[in-house]
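Encoded as structure tokens, the following chain is the form predicted on its own, with no partner shown.
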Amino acid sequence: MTYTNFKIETDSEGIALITWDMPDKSMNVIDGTVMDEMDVLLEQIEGDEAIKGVVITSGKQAFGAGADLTMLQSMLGDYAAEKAKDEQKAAQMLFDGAYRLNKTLRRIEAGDKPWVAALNGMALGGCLEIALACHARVASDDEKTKFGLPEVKVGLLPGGGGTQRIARLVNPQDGIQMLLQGKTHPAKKAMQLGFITEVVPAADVVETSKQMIRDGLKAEAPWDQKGFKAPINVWSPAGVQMLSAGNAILRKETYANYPNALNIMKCVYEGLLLPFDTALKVESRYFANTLTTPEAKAMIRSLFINMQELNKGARRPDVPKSDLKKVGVIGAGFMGAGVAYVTAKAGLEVVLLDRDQDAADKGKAYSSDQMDKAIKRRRATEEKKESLLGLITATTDYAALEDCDLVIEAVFEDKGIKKVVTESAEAAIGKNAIFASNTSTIPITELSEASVRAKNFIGIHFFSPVDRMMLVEIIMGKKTGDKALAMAIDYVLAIKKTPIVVNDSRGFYVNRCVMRYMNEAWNMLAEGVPAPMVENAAKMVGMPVGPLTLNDEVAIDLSQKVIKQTIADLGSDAVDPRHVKLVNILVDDYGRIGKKAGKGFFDYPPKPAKKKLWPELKTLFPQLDASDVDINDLKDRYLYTIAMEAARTVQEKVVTDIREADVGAILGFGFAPYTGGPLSFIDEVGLANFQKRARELAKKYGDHFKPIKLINQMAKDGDTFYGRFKIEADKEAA
């Protein structure tokens, strides 16, 4: 029998080798065609007496990346259509779809022939669940081989038996963390945890798997054996303590904003009380329930589908691919040093330039420090460190930029300094080189006035710390050409980050939203809202970092510089005088410039002591009693001010692709991921409801909440952002 996704070969000993190799895909994923063929494969194997055991492996570098989430979107579409006709039938249809993988994998596990998963590379999500249903798992010792169940990160839960098998294979604390954090583990750690059977060199994975079958591997899972006991009894004192603590920690960290995380805990608890087959049905019911939540819909769309499209260069113009070999970075401070590090890590040559050699050398030393940390964590070697450092040339000489394909300036937020740097660089670089500014707020069109070739001038805005932040914002000036855009996108993809492309404006997109977030916190402080409530309300609504913490991380003196530059460019009316007062008091009167100085909104004592809010904050403005503050208003103020600003950037055509608005806000500053991003949040609330609530907030807290023209028009039309703008984008692409 011929299969599209699988190849099966049976040797003289009766061991069938199944090689999973999906055509036209770089990674194996579970989609409808794979599910169909797996069922037929099982029929063939079960009916062939010559087959004594099965080894399943991959024809690609990795075993598999998980389920194709577009398949789940299709399931939801079918469910919605059927629900309009027959709600009960729709629910059964969705459960059947959710249960299908569990049903198939249980056939493997409960059959009478031993199966071994020969994991020649990474296995994530549903692909790891396939391996977990086998009777043994042999993994490659290659450092790139990782295993995990990351479904929680896209609003889902493992739906192919992952919650049940991990709960029975791994000690409870590690198992629950694995499920709730979506953390991946290298092969040896996975074996220590108990869900990988053996780790061998990559070349030996298949043969070792076959030998297990020759040696008499039993076709029986531990939980199907008489007398099996799970690692923990949920009714024991230890079980009650662990699950109670787990639920408490979950609530503390998520504020119940993520229904999928709560459902994972329910799957583990209820599943361990039930026979295994019943537990799988319970898991499938919770999976189906999770799939219908607005949080899952939004997170799948933004954090998987949209991000995947952007990471494939969805916004790249149709010009030849850039042959990037060498990148110049001007400014070897914290930001420039980070840019140099991630660039060299991608295998590109780097010229790191600063005004004196000590500063340039210090910038290069950052890469050395990062590699030392990686070596300590066993994620790199001394050889890799030397290779990376060999790619970085620290210098003060602009002539060293001569053969760079791309030059990125990362100097102070000062137009005068940036003008000098631009002119000096352009005097040295080749005529086809692209020059980029890493400015965080100054309009690119203004900065390009210092350039003699504005079409090759573009903004490439990194976020701090560069090596950890996955977003890069690319800004088009009025004269920026397609070649500059294409090279910027090629570069961002080369350093394995997600690019979004926006048009020019002060603060661009992400920082406009960030400033609204921090400004709202400043407003609250000026109104007398106690600082702990200002910070905690943001966490309650799903922001991973409170606005005062974020401001300390960014640096309060940088906020002051941005305010001063804004006043210089637009006049004093462009800035709230209360903000000027607050920031000036902190910086000028008390020297509280942020975390880098050990004092900002918080005090940062030496470790292991934890940061604490500066006690004197409450003396800067008359304080309200906490009982007089509406916590729901505080929470909504954060979401609505950011969402309104995101909508405003769409209205102004700063953002022209709504996918980038949602992905950019989540990756750029952690906008409540469960919402799917600010525009998804508006869509889920509903334009009319959003408009109504925004008007209420405007009456209480200021005109910046007043619905903009676009919101009013869309509310009137009964429209949504993903209905109106995604359709337009799809038409243009077609």
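Computed from a predicted model, the values in this text were never measured in an experiment. Quick note: we count residues from 1 along the sequence shown, nothing fancier.
There is another form of this protein, the form predicted together with nicotinamide-adenine-dinucleotide (NAD), and it is not shown here; the text below is about that form.
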query	finding
Complete contact of V421, N438 and S464 with nicotinamide-adenine-dinucleotide (NAD) in the predicted complex (any heavy atom, 4.5 Å)	yes
Which of 235 to 243, 521 to 529, 323 to 331, 172 to 180 lines the interface with nicotinamide-adenine-dinucleotide (NAD) in the predicted complex (heavy atom within 4.5 Å)	323 to 331
Among the candidates L303, V411, L94, M122, the residue which, in the predicted complex, approaches nicotinamide-adenine-dinucleotide (NAD) to within 4.5 Å (heavy atoms)	V411
Contact assignment for nicotinamide-adenine-dinucleotide (NAD) in the predicted complex, among A84, A256, I417, L274, heavy atom within 4.5 Å	I417
D354 within 4.5 Å of nicotinamide-adenine-dinucleotide (NAD) in the predicted complex, heavy atoms	yes
4.5 Å heavy atom contact, W223 to nicotinamide-adenine-dinucleotide (NAD) in the predicted complex	no
Contact flag, G477 vs nicotinamide-adenine-dinucleotide (NAD) in the predicted complex, heavy atom cut 4.5 Å	no
Contact label in the predicted complex: V534 to nicotinamide-adenine-dinucleotide (NAD), heavy atom within 4.5 Å	no
nicotinamide-adenine-dinucleotide (NAD) in the predicted complex - contacting residues of 385 to 409, heavy atom within 4.5 Å	Y398
